[in-house]
Every structure is written in C-alpha cells, then in structure tokens.
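Given next, in structure tokens, is a single chain: the form predicted alone.
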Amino acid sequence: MSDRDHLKRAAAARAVEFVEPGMVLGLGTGSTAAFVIERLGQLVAQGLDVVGIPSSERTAEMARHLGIRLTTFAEHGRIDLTIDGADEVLRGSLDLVKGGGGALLREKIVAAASDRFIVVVDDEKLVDRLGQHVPVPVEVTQFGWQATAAALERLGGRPELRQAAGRPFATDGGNFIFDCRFASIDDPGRLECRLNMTVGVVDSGLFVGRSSAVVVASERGVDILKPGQGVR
C-alpha cells in the first residue's frame, strides 16, 4: 500500500467515527470512499446497524460483499450522513471537484439528499484554485455530445471525451463524461450554474457549498476542516 493510501485510510477511519447506529448512510465512489466502505464493513461485522444508499454499481457490489445492507430513495427520502472522497478541495470554502471515478451525478444526488456531507481526502487534494491539478468532469447525454462539446468550448473549457477500453466511457446512467480544463476558475459557483444551464449537460463535477466538513490526513495527522474555518 502506498503512503497516500495509508493517509486515505487514516482519514476514512476518522470520518467513520461520525457514524451512529441506525443511520441511513450515503456511500461514495472512488479509491478513498472504498476505504470508508471497508471500515464500515468491519463495524457492521461487529454489530453496527446501518443501511446505505450507494452512489454507483461498483460501490453497491463492494458494500454487499462486506455485508452492508443497502436501501433506496424509495424507502428513505433523506440520508443522515454521506462520506465520500474528492479530487480537489478548495481551501476555505471547501468547494470540490469530484467525478474522477465516473459517478458524479449519482454522487451529487446522494450529497444533495444528505443532512451532512463529509469529504475524506489526503492533503495533496487541498488547492488554492479548483482545476489546479485536475479537469472538471462534466456528464452529458450521448445524443448530440459533439454539439455539447462545442457549447463547453464556448464557455472557455477544453473538453476531452473520457475513454475506457478504447471507447467512450459510459456512466451507470448511460451518459458520457467530458473532462474539461478551464484556464482559471475564479468563481466555482458561477461556473457550476453555467455548466448546468448548458443544453446536453446532465451535471458537473463542481460541488459548491455542499461540504459539511472535510477530513484531511497528512503526515502530521488527521485534521477536520469546516467551511470558512480553520482546523478543528
């Protein structure tokens, strides 16, 4: 296991301490979220009673394998707590770029339905400007994706159609993803709105104003950040 994986696991273990018996949990997608689910599986095996709503088929499969009971929005309209990873976290506001794992739409639906949304990262994910290290994923309909790409270019993006095994990557919902680089994201909220108003766009990987807290692991230890505040 790499040093970064050790940090991710430490942050995941700290975040899971917020879980209480009887909770409905949102289960994220990606490498860091996998450590969260792994730890939850250990606690469930020890008797913890929770149910989860997964944000991807991959997450659902892992949760079932570990004995975590799953539920749906038809049975639970609200989620008590979601724990998920992020590709970038903006210092101060704790706005996010997510979607590297290809589940950004379902992740955002789960986050929006949650009373608390806790993000788990290692310290390399903290940035002074979103888009500094990773592109912004944008989920789009397959129909007319070429026209949608042109519209994204008019917004100042450089969209690249995500590929997998030599063909366009398709999400669990059957959509494509453009990884879009922008010269400068000075106002993440405004860009999120402009992207979501673009015809053909399903949603973007900008998660603005959604983080309740960010659990950050570094070589110095594990810290908890709150929006607009310092370390707690």
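Because the structure is a prediction, the values reported are computed rather than measured. For every residue, the number given is its place in the sequence shown, counted from 1.
Omitted here: the form predicted together with a small molecule. The next part is about that form.
> If contact means any heavy atom within 4.5 Å, which of 62-70, 22-30, 194-202, 46-54 contacts the small molecule in the predicted bound form?
Replying inline: This holds for exactly one stretch, 22-30.
> Within a 4.5 Å heavy atom cut-off, is E139 in contact with the small molecule in the predicted bound form?
Replying inline: Output for E139 is no: heavy atoms all beyond 4.5 Å of the small molecule.
> Would G131 sit within 4.5 Å of the small molecule in the predicted bound form, counting heavy atoms only?
Replying inline: No - in the predicted bound form, heavy atoms of G131 and the small molecule never come within 4.5 Å of each other.
>> At 4.5 Å between heavy atoms, is P135 in contact with the small molecule in the predicted bound form?
In response: No, P135 stays farther than 4.5 Å from the small molecule in the predicted bound form.
>> Contact with the small molecule in the predicted bound form for D87, defined as at least one heavy atom pair within 4.5 Å: yes or no?
In response: Yes, contact at 4.5 Å.
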